[in-house]
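Consider the single chain below, provided in structure tokens and representing the form predicted on its own.
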Amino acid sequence: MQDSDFLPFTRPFIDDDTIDAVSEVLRSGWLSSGPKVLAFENALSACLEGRVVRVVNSGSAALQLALQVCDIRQGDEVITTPLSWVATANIILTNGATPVFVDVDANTRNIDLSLLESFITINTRAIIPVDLAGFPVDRDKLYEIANKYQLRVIEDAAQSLGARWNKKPIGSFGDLVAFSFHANKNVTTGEGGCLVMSNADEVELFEKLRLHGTTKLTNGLLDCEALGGKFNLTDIAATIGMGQLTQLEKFNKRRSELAKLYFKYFNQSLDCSLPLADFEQTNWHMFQILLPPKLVYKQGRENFVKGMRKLGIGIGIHYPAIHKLTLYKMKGYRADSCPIAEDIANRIVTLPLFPTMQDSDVIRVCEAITRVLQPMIEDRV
């Protein structure tokens, strides 16, 4: 098999116009934060019905600074899901607070909001929900609970740019909303992220925090008023983002078409669990299936991943359960505290899905899954 025949689970697409625009920035001599960053923020704001958007160099930075904006500190508790990229919980620790993991719903694979209230204590200050694979958390129920207990909501919408809730774009409403522009996201800047805000004072604080808490003075000097960090986005990255943003609708439409093909051609006799077939709200950031439980626990998911790779198909695993990672076990989190999330994390695999895939690629993946899983199932029997 040649490298050109290998189908990765994701692949970013940068068009020639964007590459040319980046070349212009490189020739301009202004490479760090400048006019392109401002233009990108304005373009994002337009996509999110006029809300204030400020960009940073990663989605993780957006979450970290959002917690600082909310004055989350040592002794505070922040509720979140154990089924996410580890940064979702790590940034809570970084701010000195304690992550509180609530198990997920088996169907949506998002935080189970029916359990949430039982985890709220006098120390709870915020909730960080995650839209896994671009499938939105129930915003109505989420904010009903948050408002009842006067909690801040920091939406980890890293994967859900272009997704909707009740026909409104995720990020066009709500408290604080963080997006990621990592290379595997629906819109990429290579590395990058942003926070969507409404409160003018919080916007001003965020702007300071993303560049070491500094403020430029009228005499050309600067002052430092808060402990921030180096989180600013470059004009190079912002230029890539602007080129990507103009194609978001087209990208997400194609992702939806590919997802429909997966549902059409997937071999249902393999006893895998497919995601919810939501073609109204999700942006289909990822197409994730759950392998059969008996097969996984007997033969191991790695055999499936290796088998698919031999057939030229890359498979992702998103994500291991956070509370079972070494750092969190060292901090006393029990490995059996979120059984549904743990089961999903043990069985989940991410299939190839990106806008430049061909219809035939989906068929190839589905046929390969049957070739790999069928013998494993027969061996189990």
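Numbers follow the displayed sequence, beginning with 1. Since the structure is predicted, the reported quantities are computational estimates derived from the model, not experimental observations.
Unshown form predicted in complex with a small molecule; subsequent notes refer to it.
Shown alone here, G192 lies within 4.5 Å of the small molecule in the model of the complex, counting heavy atoms only. Among residues of the shown chain, T88 is one whose heavy atoms approach the small molecule to within 4.5 Å in the model of the complex. Although the partner is absent here, T80 lies well away from the small molecule in the model of the complex, with no heavy atom inside 4.5 Å. Although the partner is absent from this view, Q288 stays clear of the small molecule in the model of the complex, with no non-hydrogen atom inside 4.5 angstroms. Partner proximity in the model of the complex, defined as non-hydrogen atoms within 4.5 angstroms of the small molecule, places exactly one of 53 to 61, 28 to 36, 345 to 353, 332 to 340 at the interface: 53 to 61. A single residue from the set R309, R139, R301, H182 has any heavy atom within 4.5 angstroms of the small molecule in the model of the complex; that residue is H182.
Residue in contact with the small molecule in the model of the complex (any heavy atom within 4.5 Å), chosen from V187, A163, V130, A259: V130.
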